[in-house]
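So this one's two forms of a single chain, laid out as structure tokens and tagged structure 1 and structure 2.
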Structure 1
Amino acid sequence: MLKYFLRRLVMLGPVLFLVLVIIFSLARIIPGDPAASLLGPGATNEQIEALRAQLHLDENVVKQFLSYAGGLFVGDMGSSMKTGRPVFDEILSRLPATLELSIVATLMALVIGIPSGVYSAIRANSSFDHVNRTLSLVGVSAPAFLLALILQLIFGIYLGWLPVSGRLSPYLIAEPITGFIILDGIISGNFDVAWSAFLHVLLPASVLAAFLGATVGRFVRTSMLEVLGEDYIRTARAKGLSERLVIFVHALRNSLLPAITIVGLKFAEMLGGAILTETVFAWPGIGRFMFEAIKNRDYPVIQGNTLVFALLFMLTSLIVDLLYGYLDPRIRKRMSR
């Protein structure tokens, strides 16, 4: 597996370069002038041209690309056109918020999806199975922004149980330790901060968990039904093993293999694709940061964010493949070639 791991690492370079070329080109196709967007509607042509020169937007596109690519080789992603801060620092300050949201959403999806999928397979075609499949279909089909607005309206406005925006109550101050506010609150002993952060993450995490939980449940159900019909399951039952042992030890492990791929890939998508959810809930993560960058035509931020998204996606995919090989000896053998 070491050779496979090294081969995949070597592939990161060419793929990231291709992503860079594509996003660098697409960013400049976006209608509008970044200089005019930054200065506002009252800016004169002279002011716009002066800012374009200051931001090097008046240079040849090829020269701009070579300059940016050269900076990346020394770890410089450039500076945000809007804030003037280094893009890497901006992303690093927002990444923990997105990671925290994605981790909580994934845990919620697994807690709901795996048991519901297993029970649906055990009780196939029962009332629970029909209801569960219907809810799964709704979870897979519902648009994220619509579900977010519905949850905000019900739990935030009508019932008043949960906050509808932000990451922490404005009257609380979290001591930064790891960047994960829930964990930081627990470590520092400030349980008011930890509880407030937990309440704030519930609604956006529920939106992200809805699709993943429904998908995991459907995959686990289908896989479980196939596994329960295998010869080794019938053999295990014939040996007199308890049904609980057959289901949760022999059947569940093999049933989870397809779900692992889905969970890993969807987790990677959450890291870079939670733009709508973060925007609706005013969550200060890199998804919302990307949305603001596109709105402001902030080229360095768009390029830096996309590269980070691509890198996170590829690393997560690699971890999933390695985990798949660890759980399935047949795949591990092919990886070792």
Structure 2
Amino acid sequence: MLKYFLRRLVMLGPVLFLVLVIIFSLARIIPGDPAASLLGPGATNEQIEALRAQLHLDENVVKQFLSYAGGLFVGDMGSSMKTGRPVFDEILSRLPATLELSIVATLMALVIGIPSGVYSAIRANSSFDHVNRTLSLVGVSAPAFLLALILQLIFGIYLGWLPVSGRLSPYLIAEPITGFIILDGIISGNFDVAWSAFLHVLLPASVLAAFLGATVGRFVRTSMLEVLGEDYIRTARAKGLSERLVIFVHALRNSLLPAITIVGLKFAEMLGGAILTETVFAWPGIGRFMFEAIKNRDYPVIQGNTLVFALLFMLTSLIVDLLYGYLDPRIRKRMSR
């Protein structure tokens, strides 16, 4: 297991290197003087000079890259053009909000996606299956910002049930312990805060969960159908096991394994959707930070955020691979060899 883990880490090396090269090159594919065109027509000469210095545009490319990559290892992502504060700190302070949102969304997606996928597979080609498959395609096809707006209108404005922006009611103050406000509220015994934070997360998380849940449901259905056609399922049925036992003990476990992979892969894609969702719901995470950076043409922030999103993606796929190996004895055996 350890050997597999190490090998997996080593394999990440070249990809991580190329990811850094790509992010580094992004600021240099800009036509003309990158600093001047990044800042737009309204920039003063000092601002342009400052950005040139910050991007190390005056040195040769290899040296530029080395100082960029070297800086990253000590948490130096440059500083925001807008606020002057270090990008790394700004991202770190916003990361918990995004993680909280995406964890809640993932849980919602699993709760919706797995049962609906399983039931769809058991009753393949029934009317439930057709409706479910169509709905899940709607979930993948809907722009995140449209879903967000519709939920805001229905539950926030017309029904008035749920808050439509921010993480917490304005009159409540959360003591930051972990940065996950729901958790912080529970730890500090301040259940008003926890409850309010929970209500605030519901709508934005639903938007993200619609996409992820739809994807998971489709995947679980396919893999369940595949497993149900296997010989050992026929054997289990032939020896007289109840249908419930066959499905929940024999089929479900084997069909959920591949679903883990898809959850991991789509988790990161969902983070991309978080940029749109956080923007609409004024959710103070890194997605909204990215949006503000776009508006302000704050390229160091865009670069830093892009890197963090890529790292999160790579981290989830690493975890998924390890988890998969851990859960599936066939792979576990192969790995320890």
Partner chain sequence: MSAMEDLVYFLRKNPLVMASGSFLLVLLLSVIFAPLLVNYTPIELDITEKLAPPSRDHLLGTDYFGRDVLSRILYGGRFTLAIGIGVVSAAFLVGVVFGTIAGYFGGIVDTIIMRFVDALLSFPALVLAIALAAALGPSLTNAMLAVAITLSPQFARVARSQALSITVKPYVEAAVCVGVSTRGILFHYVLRNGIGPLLVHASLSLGSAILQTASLGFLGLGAQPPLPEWGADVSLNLQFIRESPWVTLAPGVAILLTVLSFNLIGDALVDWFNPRQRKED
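Sequence positions of structure 1, starting at 1, serve as the residue numbers. If you superpose the two forms and keep the largest set of C-alpha atoms that fall within 1.5 Å, you have the rigid core. Being a predicted model, the structure only gives us computed values, none of them experimental.
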key: Which of the two shown structures is the form predicted on its own   = 1
request  = Superpose on the rigid core, then tell me if the C-alpha of Ser127 is displaced by 2 angstroms or more between structure 1 and structure 2.
outcome  = yes
inquiry  = With both forms fitted on the core, check whether the Cα of Asp192 differs by 2 Å or more between structure 1 and structure 2.
reply    = no
task = Superpose the two forms on their rigid core, then report whether the C-alpha of Ile103 is displaced by 2 angstroms or more between structure 1 and structure 2.
result = no
query = How much does the C-alpha of Met11 move between structure 1 and structure 2, in Å, given a rigid core overlay?
reply = 4.7
